[in-house]
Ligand code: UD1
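Below you'll find only one chain, the form predicted on its own, shown as structure tokens.
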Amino acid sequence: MKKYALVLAAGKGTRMKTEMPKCAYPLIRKPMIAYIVENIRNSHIIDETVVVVGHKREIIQEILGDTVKYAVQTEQLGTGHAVMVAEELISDLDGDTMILPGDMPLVDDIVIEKVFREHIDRRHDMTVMTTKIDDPSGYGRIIRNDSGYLDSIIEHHEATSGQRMIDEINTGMYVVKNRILFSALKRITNNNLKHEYYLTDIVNILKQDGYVIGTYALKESYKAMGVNDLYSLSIAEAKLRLKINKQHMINGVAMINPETITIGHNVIIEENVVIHPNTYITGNSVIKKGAQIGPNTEIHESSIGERVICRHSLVYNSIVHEDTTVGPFAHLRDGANIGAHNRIGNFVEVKKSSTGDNTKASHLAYIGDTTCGSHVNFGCGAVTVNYDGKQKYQTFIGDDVFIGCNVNLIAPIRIEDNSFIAAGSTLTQNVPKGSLAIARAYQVNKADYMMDRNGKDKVEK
């Protein structure tokens, strides 16, 4: 018997004030829907995941790719209707389906597994995940009978004033046996204030038919919070940041003022790393032992080697090898691969380039589309001129090369091993191994030029 997860992600999310689908909105630089699908996969209890898409579905499909199956809800007619459109993809009628909202990114793999196992172990026909919150406004209320069992679920705008005082809410997460799920859905109506098909209406239908409906009470209520606007997004991000940072600190990562530090969901940080204030590390980044990151640093989709020091800098989609110093105010991007024992200093940008070991660009340099060897020195103001306005060109620099201050290397060009480039040179031709290259205009001093121009008396004053 198959276990399915059905994620409802077809909504527009008008309260988010954004053109993209709500479930695609980023939380710590990662789409909300990606958290949910990843946590479903990590629960190791779900066999197949189906995502219901609608508004701008191509964006959701681009995020998730072929990791899930898709059902399309062309009109947003309510949660019940959203589940209906997935009927053809839930093929094993003897199995069970977990239904989750696509805007609930803090539901982790532990909760998913616990709810599903509760449903199976207690032999429920339907299980509703509930929780208690201080302000239940906007949520459906859990109505229990005198024996404490679930009687019904009342949507907020349908509830009486007395029912709105109830603090136990429906999280929108359910597990239902497939055979009864779709037969019950065929019996719901849109006879309500919003003229929508509510999934919660199947509770009364299944109760009338004598099926067993249970609840799972989630103690960590924040995990069930829905993200409906940018304010709730900020709350979810704060909760997630605290959880992630706490786990890293328990694992041996030192954080200075952790409230100002943001670490992404998939970031790997080894022990004995120190992270300073106002630092962002996101994507599938890896920070290895002994590194010191920050303050005021952003690292995204990058690998930082052991004992690297990176401060006041931006590192995107790049690799920095061990014992290298980056910053302050450096920028590595688009596949920069910095070797071991390098120095990438103030206001140095490296783009789509690699360097060998013990190479230094200490200040005010641009290295773009370059393959650079070991023991190379870039003087202040050195530039690899890689773009002619139409096309990018490559620069090759061998080992043990000295590049003087304010040197322009006009690509395509090769600087072979053991070469010396004189300061102020602009090179357009290759430099052979062991050569000294000088490419400057001759200096001309015109005696008494300023006297002739301005008058002798004026100059003497």
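Quick note: we count residues from 1 along the sequence shown, nothing fancier. Remember, predicted model here, so these are calculated numbers, not experimental data.
A second form of this protein, the form predicted in complex with the ligand, is not displayed here; the remarks below concern that form.
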Please state whether all three residues 79, 82 and 172 have a non-hydrogen atom within 4.5 angstroms of the ligand in the predicted complex. yes
- [ ] Determine whether any heavy atom of residue 102 comes within 4.5 Å of a heavy atom of the ligand in the predicted complex, and answer yes or no.
- [x] yes
When the contact criterion is heavy atoms within 4.5 Å, does residue 139 count as touching the ligand in the predicted complex? yes
Original post:
Counting only non-hydrogen atoms and a 4.5 angstroms cut-off, does residue 8 reach the ligand in the predicted complex?
Top reply: yes
### Query
Heavy atom to heavy atom, is residue 153 within 4.5 Å of the ligand in the predicted complex?
yes
Within 4.5 Å of the ligand in the predicted complex, heavy atom basis, the matching stretch of 291-299, 385-393, 192-200, 329-337 is 192-200
Checked 73, 318, 130, 342 for heavy atoms within 4.5 Å of the ligand in the predicted complex; positive is 73
Assert contact residue (the ligand, in the predicted complex, non-hydrogen atom within 4.5 Å, options 283, 214, 226, 381) equals 226
